[in-house]
Every structure is written in structure tokens, then in C-alpha cells.
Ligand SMILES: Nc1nc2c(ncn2[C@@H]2O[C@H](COP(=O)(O)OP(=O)(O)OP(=O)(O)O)[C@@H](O)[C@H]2O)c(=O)[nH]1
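Take a look at this one chain, the form predicted alone, written out in C-alpha cells.
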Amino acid sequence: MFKFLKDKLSNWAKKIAKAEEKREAKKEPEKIEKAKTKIEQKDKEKPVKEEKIKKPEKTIEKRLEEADEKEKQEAEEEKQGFFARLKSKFTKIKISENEFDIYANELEELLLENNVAFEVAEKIISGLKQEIVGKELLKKEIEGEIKDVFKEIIRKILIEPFDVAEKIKEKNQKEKTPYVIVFFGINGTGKTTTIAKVTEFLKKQNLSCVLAAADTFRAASIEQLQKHGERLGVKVIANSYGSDPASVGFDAVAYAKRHYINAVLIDTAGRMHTAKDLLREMEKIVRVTKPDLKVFIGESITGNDAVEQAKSFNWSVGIDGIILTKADIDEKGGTALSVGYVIKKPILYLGTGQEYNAIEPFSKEKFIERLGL
């Protein structure tokens, strides 16, 4: 998972570290030679100290000899102290703005190649520049420093997800009414199967569910959801094909209220984010069912297409959270890094396979760990 982006980020950090070490190594002999010359010049120009004669019993020659010895000792201590400071300075690297810009172009290209949205790539590069340009970094730690900066930037980019199960329990306890979730997305993203996975996940949290087959447009969609319901042991509310999807959602909510069901999960017809008529139908489902949570389901492997889809759905109905499917075969990782930042909503779950249990709550730290940072 996320193999390509992980490797590219790691290689970039190593490359900039090695390049800066080589650059500093070329300058080091010249700097040391200049420092030596400066010290020698200082030694030549330094006046001989004169000491007041306190005790007449010492000869002038003896006093001059002692003063000369003391001056030599002070000069030697000063020289050693200078070289100690010089050595410390040369074990550190300071990256200039011009040098960073050279590496930044390469970083931007590799981020875009790995499905990172342009505005997110710009955010990463801007954050890196602010943190490492002009900062003294130890040679042996420069790669680690860059990776640590990467971590902090990604933590800020990713939005902290909330616990859906806890949200359901809170509403059940406070209002004594079911928690309603509507799922949206285009055809082919695994939306219906993902709803079944979420149902299984909630069941493990001791939460009861009812499913609403509000996709009355696609052939066999109702039967597909009913099969999932049978396997999971949950009720599916359905009507005939061509019927009003909003009415199916309304009936499911009413059923949940009568039977004290914790959550209602509403499946909707997959629709292209550019189909205005279908988007208006989606808006009606939201008005009628008054959902507590509106979830966009997209494919992790589709990159910027998923980001654009999420933006359109968010503009139409206001998305509250995101589920990304096929994350287990996503070797780039840019979609997961970008989609939440672009629409300012959290990723709630990642789909990681075909089985009902192949879903996991999204974690910032786990994502960063998978990137190898």
C-alpha cells in the first residue's frame, strides 16, 4: 500500500541530504585554509603584553621570558577553541533558498505523478521550505530532519477523523432516534459493497442497522443490497425500480424509529458528478431523510478524478466524510493525502479488500507509517 509515494519521498530526502553533503565537502578545505590564514595573521599582529614589575628580585630577562610563555599559551588556547568551533560549524549544513528551489521542482513532479493534488503539493513544498531553508542541520541527521518535517506537514494536511460508532451512540442516547447515513458516489466504486462493510463494522460495535435500497435506477442494485442484508442478518427496505428514492429512504427511517434500530444506511444510485438531474435527485433524498452523516465513496486508485468527484458532491449536498475503496492496491497514496484536504472533510474508512471485514477506520499515524516516514 502506497509503495510508490513512500519510495519517492524517501529517495528525495536521501538525495537532498547527499547533495548538500557533497556541496559542503567541496567548500570545507577552502574554509579551513581561510580560517588558518586568519588566525596566523592575528597572531602576527597581536602586540606583546607588558606586565607591571611587582618584585624587583626577578631579572628583566626572566620577566620577559615568563610573559612570552604566557602569551604563547593563550594563543594556543585561542587557536584550539577556534578550531573546535570551526569543526562544529563544518558538521552542519545550511540549505539556501536557491538550492532548495532546485530540489523543489523535482519534488513537485514526483508528488503530482503519485496522485497528489496540485494545491496539496504546493502546501507540502511551502511547508518544507519554511522549515528547512536557512536552518542549520547536522550532516548525519539531515535526512531524518527532512522526514520529520514531512511528517508534521502531512499531519496538518490530513483532517482528524471522528468515530462514527460513537456519533451513533451519542445521538441514540440523547435523542432516542436512529442515526441516518446517506452514501454517495459514482458507478463502479464499490459503493454498495462498502455499505455492507460499514454495516458489519457497526454490528461489531453492538449497533443495529437497517439498509435502504434507494438505488432504484441501476439494474440488479436492489437485489445486490438484499443479498448483503441476508448475509449480514439485517433488514433491507426496498421498493420497485423506478420508484422515488427519497421515499425509500423515508420508509427506512420510519422503520428504524418503530423498531428502535440504531442506524439507517441509505444506498443511492451511482451517478456521475456532472449529471445535474441525478444530483438534484440526490438533493431531494437529503431534504427528505435529513441525514446525520453524508458520506462520499471514491476509489483510492483514481487519483485526481476522485478529488474532483468529491468536490462536486460536496458542492451539491455538503459531504461530511469520505470512504476510499481499493486502498489495499493503491501504490501511490496521493488520493488519500489530497481528497480530505481539498474539501476540508475527514477520511473515515479505507476499504482494504473484498471481504466484509476488509475495512478499517482511517488513522493519520498509520497513514504516515505506511509512507515510511
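In this text, residue numbers run from 1 along the sequence as written. A quick note: this is a predicted structure, and the numbers were derived from the prediction, not measured.
Not on display, but discussed next: the form predicted in complex with the ligand.
Among heavy atoms of residue 190, some come within 4.5 Å of the ligand in the model of the complex.
Not displayed here, the ligand is kept clear of residue 293 by more than 4.5 Å at the level of heavy atoms in the model of the complex. Residue contact check for residue 335: none of its heavy atoms lie within 4.5 Å of the ligand in the model of the complex. Although the partner is absent here, residue 158 is not a contact residue: none of its heavy atoms lies within 4.5 angstroms of the ligand in the model of the complex. When you look in the model of the complex, the only residue of 229, 245, 178, 270 with a non-hydrogen atom within 4.5 Å of the ligand is 270. Among 128, 186, 210, 104, the residue placing a heavy atom within 4.5 Å of the ligand in the model of the complex is 186. Judged against the ligand in the model of the complex with a 4.5 angstroms heavy atom cut-off, the residues 218, 325 and 328 are in contact without exception. Of the candidate stretches 112-120, 143-151, 245-253, 210-218, only 210-218 contains residues with a heavy atom within 4.5 Å of the ligand in the model of the complex.
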